[in-house]
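Take a look at this single chain in structure tokens; it is the form predicted on its own.
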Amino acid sequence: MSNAAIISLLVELLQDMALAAVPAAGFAMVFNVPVRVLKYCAMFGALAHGMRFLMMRAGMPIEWGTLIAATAVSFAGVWLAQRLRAHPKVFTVAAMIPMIPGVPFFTTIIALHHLGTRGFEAELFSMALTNGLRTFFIIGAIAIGLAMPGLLLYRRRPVV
């Protein structure tokens, strides 16, 4: 990889992370998160989206990248929550907002609408099915990633 390609990748990564920090902080503000932790919400949102961006650039499917990024940020949120004496969901839920698959969901809804108004077309059905399944699996990956610390760290009974 040449130096120009590396610099281009870093610029794209920083742009992606900066744009992801905005909705994470905005979501946290909507739910009256204390001002002192807003920067962490934005940082975790940027970190999660940046991790997913890099994994997708490496060739990983978006669903697996979302699962790994959501899990990593959830564990980091639990760790930071213990240090700041806050609830972990303050950091983790806001960080997941930028990873919600808005475009595939919107494309699914538009394709379903066209199927309803125009009648059955194989191309529209394929578009609705593909994007609907992608949306489903990304949302599932976010949910599993959010639940992972609770499943592994806060168990009262041993796993085995």
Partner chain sequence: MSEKTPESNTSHRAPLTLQEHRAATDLCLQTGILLMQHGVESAFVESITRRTGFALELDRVDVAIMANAITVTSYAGPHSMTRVRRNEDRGINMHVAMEVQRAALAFEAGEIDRAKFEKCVRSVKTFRYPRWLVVLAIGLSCACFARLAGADWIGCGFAFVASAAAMVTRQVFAHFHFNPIVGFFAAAFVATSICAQALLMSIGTTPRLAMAASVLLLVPGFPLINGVSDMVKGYVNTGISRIALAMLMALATCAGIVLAMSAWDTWGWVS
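Positions refer to the first chain, counted from 1. Under this definition, the rigid core comprises the largest set of C-alpha atoms superposing within 1.5 Å between the forms. Predicted, not measured: the structure shown is a model, and the values here were computed from it.
Note that the form predicted together with its partner chain isn't included here; everything after this is about it.
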{"item": "Of Ile68, Ile62, Ile100, Leu54, the one that lies within 4.5 Å of its partner chain in the predicted complex (heavy atoms)", "value": "Ile100"}
{"item": "Proximity of Gly132 to its partner chain in the predicted complex, heavy atoms at 4.5 Å", "value": "no"}
{"item": "Close approach of Phe31 to its partner chain in the predicted complex, 4.5 Å, heavy atom", "value": "yes"}
{"item": "Partner proximity in the predicted complex: Ala42 to its partner chain, non-hydrogen atom cutoff 4.5 Å", "value": "no"}
{"item": "Contact label in the predicted complex: Leu9 to its partner chain, heavy atom within 4.5 Å", "value": "no"}
{"item": "Sequence-ordered residues of 25-59 touching its partner chain in the predicted complex, heavy atom within 4.5 Å", "value": "Gly26, Phe27, Met29, Val30, Phe31, Asn32, Val33, Pro34, Val35, Arg36, Val37, Leu38, His49"}
{"item": "CA of Ala72, rigid core aligned, shift of 2 Å or more between the shown form and the other one", "value": "no"}
